[in-house]
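Here you get one chain, nothing else, as structure tokens; it is the form predicted on its own.
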Amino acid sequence: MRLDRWLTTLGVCSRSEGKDLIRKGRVTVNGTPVTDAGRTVETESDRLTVGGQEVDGRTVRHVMLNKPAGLLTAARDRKQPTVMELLPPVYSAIGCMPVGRLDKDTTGLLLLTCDGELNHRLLSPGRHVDKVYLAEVTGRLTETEKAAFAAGLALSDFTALPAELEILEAGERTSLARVTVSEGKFHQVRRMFAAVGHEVLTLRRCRFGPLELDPALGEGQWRELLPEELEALREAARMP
């Protein structure tokens, strides 16, 4: 990547501002001042300093976030806050985007990545990457609902693939269950429960493919994926 483009991709400055900084010798690469805006750089390994301040130059990053309720899973929205507002601006600048969506009122594990191919493969219906949710619902769950989930539920616009419903607690007023689905369609888990007569009160995603939500992350907190976690995701997505 060109040096001036690197600066703008990271959101450090505009293209013209970057050229000016470079021309004045205020940008160093691997400790050496560079005055050529067209200098080719290795974004994932070269060390970048601007105005004496070291800048993390990586343009490919992967994030695990514990999504709180009340935020849209979107890159941006004119009227409502989004999950991207929980991250430093550089993540939006480099195109780190959510992998799929969680409903506004659904909490829990949300992955974000700059790798468009990985994003696509993790969401591809043909790869059946499981997602696991904890759901609190109205009424008592029974073996009848468990069997209906296992058979695949016909909804208004599609038939949900067979899903696993594990009943953790069954009370007269509310029940708690763990649900494993291999799809991620709009409001799918909520609609599946509605189809068998139960309203979802709370919904939390606790696993996506091989990754469990880090228990050290409070709601609204995030961290970058560990190398072994990224490798496990790539294997689940069947990436070469």
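This one's a predicted model, so the numbers in the text were calculated from it and none came from an experiment. Residue numbers run from 1 along the displayed sequence.
There is another form of this protein, the form predicted in complex with uracil (URA), and it is not shown here; the text below is about that form.
Taken together, Leu141, Arg173 and Ser175 are entirely out of contact with uracil (URA) in the predicted bound form: none brings a heavy atom within 4.5 Å. For the candidate set Val27, Leu203, Val179, Leu65, a heavy atom within 4.5 Å of uracil (URA) in the predicted bound form is found for exactly one residue, namely Leu203.
Checking Ala163, Leu71, Leu102, Leu112 against uracil (URA) in the predicted bound form, a heavy atom within 4.5 Å turns up for just one residue: Leu102.
Although the partner is absent here, Val189 sits close enough that one of its heavy atoms falls within 4.5 Å of uracil (URA) in the predicted bound form.
The closest heavy atom approach of Thr82 to uracil (URA) in the predicted bound form falls outside 4.5 Å. Uracil (URA) in the predicted bound form comes within 4.5 Å of no heavy atom belonging to Asn119. A residue is said to contact a partner when one of its heavy atoms sits within 4.5 Å of a partner heavy atom; Phe149 fails this definition for uracil (URA) in the predicted bound form, lying far away. Looking at 82 to 90, 121 to 129, 141 to 149, 103 to 111, the stretch with residues near uracil (URA) in the predicted bound form, meaning non-hydrogen atoms within 4.5 angstroms, turns out to be 103 to 111.
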